[in-house]
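The data below hold one chain only, encoded as structure tokens and taken in the form predicted alone.
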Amino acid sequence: MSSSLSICLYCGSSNEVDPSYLDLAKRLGETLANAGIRLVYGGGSVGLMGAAATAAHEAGGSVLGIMPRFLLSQERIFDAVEHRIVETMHERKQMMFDESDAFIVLPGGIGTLEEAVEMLSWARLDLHSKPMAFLDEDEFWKPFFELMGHIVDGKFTPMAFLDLFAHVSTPEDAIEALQVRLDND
């Protein structure tokens, strides 16, 4: 895989989650670093965000954190890695998009869901063709995929929409799914 590849991570920032989610984030961070892929993420040192970034950094990987100023005390920036401070969430999301070739979505809350859905919406509108993989080990995203199927079944979006993302259960499978889609573009 190209060392110039950057993957944006969307994930939860809560430390109160099941430890298996934190472990998955750590394994993803290590896997990205070992593959020579730069991790682009929300900049925090908490929750899955912090676990993935810390693991990537400790494994010798390149990490870029992007955080809006108003979240500095809440998400506590991870100072050990390159980071950029922006003023708004819109700037954060745009910079994360601009700095990335693809997206991985780990379990998370409403913010994670909003970020992923916005990127899918942009792809549906042909504003970008960057691939996305949802990564979970316990069917965390199953209700989301059921909703997407319901939307397609209702003819609100075409069946081809479901090809915009992959659903995988290991960090290695996430990287492979994204690489296949990048190679086909």
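For every residue, the number given is its place in the sequence shown, counted from 1. In this text, all values refer to a predicted model and were calculated from it rather than measured experimentally.
This next part talks about the form predicted together with ligand AMP, which is not shown.
- The shortest heavy atom separation between residue 82 and ligand AMP in the model of the complex exceeds 4.5 Å.
- For residue 101, no non-hydrogen atom is located within 4.5 Å of ligand AMP in the model of the complex, even though that partner is not displayed.
- When ligand AMP is considered in the model of the complex, residue 86 lies well away from it, no heavy atom lying within 4.5 Å.
- Taking non-hydrogen atoms only, residue 14 approaches ligand AMP to within 4.5 angstroms in the model of the complex.
- Annotation for 52-81: interface residues with ligand AMP in the model of the complex are 71, 75 [heavy atom within 4.5 Å].
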